[in-house]
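Below you'll find only one chain, the form predicted on its own, shown as C-alpha cells.
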C-alpha cells in the first residue's frame, strides 16, 4: 500500500513508487537521487517536526515535509519489525 514519505516515522523504510510533483519540485527530487525504486529510511525530524532527515543509498538528506509529500512510497518492514 502506497503512502507519502512525509507520513513515515523515524526508523521506517520505504521504496519510492512515484514522484507526484511537477516542474522544479520534481526536478529537485530527481536531482538529489530520489527516483522510483530507491529505498529511503527516515532518520529523524527536526525539533519542530520540519524538516525531516532521510537516508538515501549511503547519504543523508534533509527534506521539507512539503517536499516529502510529493513522494509516494511503499512501506517496507524494518528489520526491527521482525519477530525474534
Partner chain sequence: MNKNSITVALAGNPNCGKTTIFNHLTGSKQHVGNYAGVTVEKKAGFRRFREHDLTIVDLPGTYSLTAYSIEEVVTRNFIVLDQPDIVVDVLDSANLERNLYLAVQILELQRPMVLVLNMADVAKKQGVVINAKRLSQRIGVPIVTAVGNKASGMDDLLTTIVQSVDKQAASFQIDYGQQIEQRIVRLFQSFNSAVLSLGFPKRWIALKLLENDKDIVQRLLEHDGGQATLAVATELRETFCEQTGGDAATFIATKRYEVVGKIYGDCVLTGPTILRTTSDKIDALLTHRLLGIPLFLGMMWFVFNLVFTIGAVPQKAIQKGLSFLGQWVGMALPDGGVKNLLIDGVIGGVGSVLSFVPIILLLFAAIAVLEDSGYMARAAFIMDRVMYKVGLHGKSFIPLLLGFGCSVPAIMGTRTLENPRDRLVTILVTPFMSCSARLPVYTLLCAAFFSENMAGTVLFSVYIFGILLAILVARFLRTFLLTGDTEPFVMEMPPYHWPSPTSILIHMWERTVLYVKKAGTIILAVSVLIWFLTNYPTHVEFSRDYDALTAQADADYTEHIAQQVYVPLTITALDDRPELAETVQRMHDIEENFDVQVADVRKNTRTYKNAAENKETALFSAAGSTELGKYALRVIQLSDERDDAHRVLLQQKAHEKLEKSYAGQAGKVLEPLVTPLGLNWKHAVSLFAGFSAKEVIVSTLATIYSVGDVEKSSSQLMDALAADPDMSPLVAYTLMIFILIYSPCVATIAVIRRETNSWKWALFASCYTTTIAWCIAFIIYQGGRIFGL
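The structure displayed is predicted, hence computed values, not measured ones. Positions refer to the first chain, counted from 1.
Not pictured, yet referred to below: the form predicted in complex with its partner chain.
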Discussion item. When the contact criterion is heavy atoms within 4.5 Å, does residue 64 count as touching its partner chain in the model of the complex?
Written reply: yes
Practice prompt. Give a yes/no on whether residue 76 approaches its partner chain to within 4.5 Å in the model of the complex, heavy atoms considered.
Written response: no
Worksheet item: Could you tell me if residue 49 has a non-hydrogen atom within 4.5 Å of its partner chain in the model of the complex?
Response: yes
Worksheet item: Does residue 25 make contact with its partner chain in the model of the complex, using a 4.5 Å heavy atom cut-off?
Response: yes
